[in-house]
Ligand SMILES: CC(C)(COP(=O)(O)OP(=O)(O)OC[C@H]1O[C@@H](n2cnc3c(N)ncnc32)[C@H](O)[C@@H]1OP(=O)(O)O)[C@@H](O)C(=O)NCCC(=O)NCCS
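One chain comes next, on its own, written out as structure tokens in the form predicted on its own.
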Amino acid sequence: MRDIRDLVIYGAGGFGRETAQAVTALPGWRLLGFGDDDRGRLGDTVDGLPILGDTKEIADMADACVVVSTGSPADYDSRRRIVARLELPASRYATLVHPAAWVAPSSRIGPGSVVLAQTVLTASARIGAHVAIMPHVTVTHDDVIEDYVTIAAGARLSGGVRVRAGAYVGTGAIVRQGVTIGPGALVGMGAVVLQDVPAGEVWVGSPARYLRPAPHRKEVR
């Protein structure tokens, strides 16, 4: 019989709820509920699951695995900050891949990452820790997606793309082969990226061009 492991999802917003629904398709997990920074929500239920506490309570649940599922375009650095506060070893983090995603045997996915339905990782892709990959994303050969990156729904990365730590690639964006998205950068919805995007900048449009500094530019390293 398969062992059942307890799981807590940190973040009860849209991405957290999507992750919770993905867990229903994954055998071997017993989802206990959500963590959330808002102490006023303690004991509330979201989609039938309780909010169990903030980072202190969740870190103290020594028998439960954790996945941090936060990160809107307005604050896509939140996942990194929460992981820093939790101070958990990598072994406490779950890696969740929806069964309707296809991951090539030569690809690798790090701890705490979530890959949602209809995503494809074609060959020798490298996905770091605490990465969020939304539905219908295409990650092709030799792409490298570093820690804390968010790839929004329907984005398509050509071969040899590198998305540096903490960057955000918006819904439906297309990234040309060999391009690097700098750390902390944000690529806007539907953008067509034909050249490297510097660290800490927002790029939008087709072809993509500089718009403004990213919200968390001062935190980029």
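One rule holds for the numbers: they count along the sequence shown, beginning at 1. Keep in mind that what you see is a predicted model, and the values were worked out from it rather than measured.
The same protein has a further form, the form predicted in complex with the ligand, not shown here; the description that follows concerns it.
Novice: Looking at 55-63, 41-49, 165-173, 26-34, which stretch has residues with any non-hydrogen atom within 4.5 Å of the ligand in the model of the complex?
Specialist: Of the stretches listed, the one contacting the partner is 165-173.
Novice: With a 4.5 Å heavy atom cut-off, would you call Leu186 a contact of the ligand in the model of the complex?
Specialist: Contact check for Leu186: yes, within 4.5 Å of the ligand in the model of the complex.
Novice: Examine Ala20 and determine whether its closest non-hydrogen atom to the ligand in the model of the complex is within 4.5 angstroms.
Specialist: Because no heavy atom of Ala20 falls inside 4.5 Å of the ligand in the model of the complex, the answer is no.
Novice: State yes or no: in the model of the complex, is some non-hydrogen atom of Gly110 no more than 4.5 angstroms from a non-hydrogen atom of the ligand?
Specialist: Flag for Gly110 set to no.
Novice: Is Gly205 a contact residue for the ligand in the model of the complex, using a 4.5 Å heavy atom cut-off?
Specialist: Yes, Gly205 sits close enough to the ligand in the model of the complex that at least one of its heavy atoms falls within 4.5 Å.
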